[in-house]
Ligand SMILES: Cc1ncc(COP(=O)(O)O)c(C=O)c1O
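One chain is shown next in structure tokens, namely the form predicted alone.
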Amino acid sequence: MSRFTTVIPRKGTRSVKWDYAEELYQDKDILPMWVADMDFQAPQAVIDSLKERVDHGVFGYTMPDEEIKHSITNWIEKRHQWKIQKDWVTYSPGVIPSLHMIVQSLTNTHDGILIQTPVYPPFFSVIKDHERKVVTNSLLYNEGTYSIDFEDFEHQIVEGDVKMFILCNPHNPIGRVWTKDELSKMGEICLKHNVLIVSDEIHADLILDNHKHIPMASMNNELSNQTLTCFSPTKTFNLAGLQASYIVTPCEDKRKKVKKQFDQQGMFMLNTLGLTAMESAYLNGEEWLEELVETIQTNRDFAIEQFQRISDQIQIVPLEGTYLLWMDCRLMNLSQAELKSFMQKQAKVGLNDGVSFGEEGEGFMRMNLAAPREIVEEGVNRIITAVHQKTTS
């Protein structure tokens, strides 16, 4: 477990999380626990594969071969019990570029696109940037847990003239891993109204406790043909800077349309090192991943215990998947602007602002737990100390 306990300095590496934090938060002493990348080294096998490829010294145009395709299909079948065909895969530099291409190629201007809020902020922009209409199905938050309002889900599809639904599973930021029953109900409604499903499953490998990730498209043949699934090893193995992801699209017609959109934007291939890292991670990274999940679980349990023991003003939403802790700070009785200022100036911890995930995130903040315990403890203790000073002043 030492690979998950050692603090690796990241300042000076052009890290968005660490080097940009000072500019973003206007404070050199801020502890960054915001953007979703990890403070852990990638699996040693991936590092070794990259070194070997770099030592070769020639970095010409590189295309995925049968071995890379095989590593992807094997990983998805082993981890998620979904047997996909290798020709269903379209490569992309990232899930967000994938969403842009899918929206442009499979919807028209002013079409309604449904999202479930609070949700990952780029979901809003990939809709608005292409003059599509954002339609929201607000998730229900009751007694510390989130659920889906299925009646409203269907109502919004009908009233909003929705043509596409962007699903987030596991859901960022609330940390839910949607159950088979929940997925079935959403899928049935989408099929009933001929709504395309785009499933962002970038956190699919980061499942905690006894929860189970189920790809929407694996449910049945109808949903398989109606769904495009976005996967990537980048969140799983901390490879985001290498920009390697892919879309799984069983329907040939939809796949061709999306591929054409990539081609029209000049996106013909992934970078050499991204492909190298993807293959190596999928072939050799499983043991590392199991240790990572254990680390995230212990960090989560520590954070929950500390907040519960010392401060009832911050409630933690149960975390089933991802490494992103959704913090309910509404009992602090602060406006959102005051809450942001408190975390930044009093606690000196850089978190994600809850309202960036939609208006339903007001009173919430998001914390990244994918760091050595030393960093997590420092962040949690800074917040608890600041809350204590606030309540006793």
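All values derive from a computational prediction rather than experimental measurement. In this text, residue numbers run from 1 along the sequence as written.
What follows is about the form predicted in complex with the named molecule, which we do not show.
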Since exactly one of Y282, F237, Y120, W178 fits, which has a heavy atom within 4.5 Å of the named molecule in the predicted bound form? Y120
The listed residue (I202, A217, L114, V248) that reaches within 4.5 Å of the named molecule in the predicted bound form by any heavy atom is I202
Pick the stretch from 134-142, 93-101, 269-277, 178-186 whose residues have a heavy atom within 4.5 Å of the named molecule in the predicted bound form. 93-101
Although the named molecule is absent from this view, report whether L31 comes within 4.5 Å of it in the predicted bound form, heavy atoms only. no
Give a yes/no on whether C168 approaches the named molecule to within 4.5 Å in the predicted bound form, heavy atoms considered. yes
Give a yes/no on whether N172 approaches the named molecule to within 4.5 Å in the predicted bound form, heavy atoms considered. yes
Taking any heavy atom pair closer than or equal to 4.5 Å as contact, tell me whether V355 reaches the named molecule in the predicted bound form. no
